[in-house]
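One chain follows as structure tokens, the form predicted on its own.
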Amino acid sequence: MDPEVLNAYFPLYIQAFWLTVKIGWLGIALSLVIGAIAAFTLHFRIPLFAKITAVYVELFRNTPLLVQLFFIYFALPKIGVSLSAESCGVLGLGLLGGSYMAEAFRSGLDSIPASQTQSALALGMKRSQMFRYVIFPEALTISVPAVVANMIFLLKETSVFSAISLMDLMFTAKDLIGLYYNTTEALFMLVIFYVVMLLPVSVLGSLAEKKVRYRSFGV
């Protein structure tokens, strides 16, 4: 392990790190929005939209992100839809993540006993109040572990962005190895930066899970 090589590579990895974090979290934000809408559609079985959503979820859950990125980056321009590499990365990650987030949110919604909603309505609550004060808090508590796991999964999936010429962490590592053959140093830096990116999410996710559970159940 050559310290001089590590020092020389550090600025390149910093730049790649921020690009990876930026695209990763934009993709996660998009996935949360898509997942919430899809879960609502599936749980309440909205006609037509529920079937379309079910097809979307199965399609994106059962195809690799790399294939989806290739389709967005290389195939869509053939029909006149051209996106930048960064936009393709965000969209691809958001669509893949949305299919997983949908199942996470839906599992939370489906776990709420019908007796609770019936009791809320019997007490005179409006449906909006019932959803806000009864269904949503408990569903969120149940969904948090799966949502955090999906966030970590999506951040790790950013490693395939190099396939569409995004200069992320993986692209930087492969480029440096190919140019200078300092494989050990390049891979060491890659591992360190992924740990820096993922470990805080894991820790904060665990704390959020405990906090939400305490507020909902007082345990």
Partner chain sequence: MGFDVLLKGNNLLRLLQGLEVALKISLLSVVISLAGGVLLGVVVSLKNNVVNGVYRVYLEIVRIMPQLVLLFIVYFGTTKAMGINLSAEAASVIVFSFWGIAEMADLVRGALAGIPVIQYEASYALGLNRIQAYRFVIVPQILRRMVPLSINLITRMIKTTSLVMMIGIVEVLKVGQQIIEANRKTSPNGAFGVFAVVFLLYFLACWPISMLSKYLEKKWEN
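Here the structure is a predicted model, which is why all the values come from computation and not from measurement. Residue numbers count along the first chain shown, from 1. If you superpose the two forms and keep the largest set of C-alpha atoms that fall within 1.5 Å, you have the rigid core.
A second form of this protein, the form predicted in complex with the partner chain, is not displayed here; the remarks below concern that form.
Ile177 is the sole member of Ala29, Ala50, Ile37, Ile177 with a non-hydrogen atom within 4.5 Å of the partner chain in the model of the complex. This chain lacks the partner; the member of Leu166, Met151, Leu42, Met170 within 4.5 angstroms of the partner chain in the model of the complex by a non-hydrogen atom is Met170. Proximity of Ser202 to the partner chain in the model of the complex falls within the 4.5 Å heavy atom cutoff. Put simply, Ser206 is close to the partner chain in the model of the complex: some heavy atom of it is within 4.5 Å.
Residue contact check for Phe136: none of its heavy atoms lie within 4.5 Å of the partner chain in the model of the complex. Put simply, Ala75 is close to the partner chain in the model of the complex: some heavy atom of it is within 4.5 Å. Shown without its partner, the chain has Tyr181, Thr183, Thr184, Leu187, Leu190, Val191, Tyr194, Val195, Leu198, Leu199, Ser202 in segment 179-202 as residues with a non-hydrogen atom within 4.5 angstroms of the partner chain in the model of the complex. When two forms of a protein are overlaid on their rigid core, residues whose CA moves 2 Å or more are considered shifted, and Gln15 is not one of them between the shown form and the other one.
Relative to the superposed core, Val203 undergoes a C-alpha shift of no less than 2 Å between the shown form and the other one.
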